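Starting off, we have a lone chain in the form predicted on its own, written out as structure tokens.
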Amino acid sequence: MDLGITGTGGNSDAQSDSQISHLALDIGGTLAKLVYFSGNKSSVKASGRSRSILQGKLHFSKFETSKIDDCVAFIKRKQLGSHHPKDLGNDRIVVKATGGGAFKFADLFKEKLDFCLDKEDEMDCLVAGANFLLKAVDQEAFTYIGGQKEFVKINQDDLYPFLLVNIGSGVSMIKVDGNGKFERVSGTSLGGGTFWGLGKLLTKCNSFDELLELSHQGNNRVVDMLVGDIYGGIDYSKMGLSSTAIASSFGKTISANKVLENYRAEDLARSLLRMISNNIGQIAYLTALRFGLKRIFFGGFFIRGHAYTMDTISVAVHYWSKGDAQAMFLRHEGFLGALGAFVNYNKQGPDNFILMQQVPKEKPKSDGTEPEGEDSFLRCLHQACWA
């Protein structure tokens, strides 16, 4: 689970056990994500020249943006950013940050941590993070159809162009043509914030994860109007619509003599998740079709490796494309922006982090799930080599 990292600025043979930390933030409307590196620094000679070696780990964590003080307390407790360079003008620690919260909470970080947030463009960071993962991490992208997870081998010579669909509070759809070459071509306001906001009102859930878990136990057919409900239980075969296809999300509630309290929260959560996931999948494919793109990568913390979400998006893309396009997901979808901000430390001089190669990582668990917690990002970047 270690990262071998080489910097280009050292000229000393002295050994040091000092802790090194490089922190990057992505503060969105719903979640604040952070990535930080920690490790030991030493010097080695190669070809008659001394070079600084950083060996350590990448960590990640997330917090609800509404509880940004918890994120600040975490950074303070871990002493993250303590080894960052300082702004010569005001002697404050400079930390890479992206997302709207980098502007909204700049004064808070200045007051509580004496941080100067070096603001990076949100779309730049999303694309940089996605490109990094797709190029550097073995078994990062996968398809999920019918409950089966299958990793996709990425051909580096045929990666571009692709559509990156980032599902955060809202949804951005970005056509990526190369490193630093991209255009935001579409999007929708119906995203993770919609699911969480409406879900909170409908079910009284106290967290996004609780709402997701609730949806896993639900039956959307109690709430949704299906094609079979309209056609007496049979398919609308002329249009290629099966009897189980959703004709109207939440449509059954119109004719039923019920009020909100008569419905199970589980069924409402399931219907809501399916409605939003279906629409994102459909809009994503139509956007890809507009530009002739066959590869569609979905990221963002809305997904969270949730089987039903991925399956719904996959079915939507498959249905609307008639099988010509596939939805692909990223194992570390929620940290694209934070990782992109982290990668942007490359621009700052001799202590740069520049990716050289990725050594094959340990195999994922047999059920395809990712380990939970702060270190799961490390497993993704197992034994990466930098120079």
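This one's a predicted model, so the numbers in the text were calculated from it and none came from an experiment. Quick note: we count residues from 1 along the sequence shown, nothing fancier.
From this point on, the text means the form predicted in complex with a small molecule, which you will not see here.
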Given 137 to 145, 295 to 303, 280 to 288, 107 to 115, the stretch touching the small molecule in the predicted bound form at heavy atoms within 4.5 Å is 295 to 303
Quick check on residue 266: any heavy atom within 4.5 Å of the small molecule in the predicted bound form? no
* Using the partner position in the predicted bound form, report whether residue 30 sits within 4.5 Å of the small molecule, counting heavy atoms only. => yes
Does any part of residue 168 reach within 4.5 Å of the small molecule in the predicted bound form? Heavy atoms only, please.
yes
- Any of the heavy atoms of residue 122 lying within 4.5 Å of the small molecule in the predicted bound form? yes
In the predicted bound form, the residue from 250, 308, 182, 208 with a non-hydrogen atom within 4.5 Å of the small molecule is 208
In the predicted bound form, the residue from 161, 228, 193, 81 with a non-hydrogen atom within 4.5 Å of the small molecule is 193
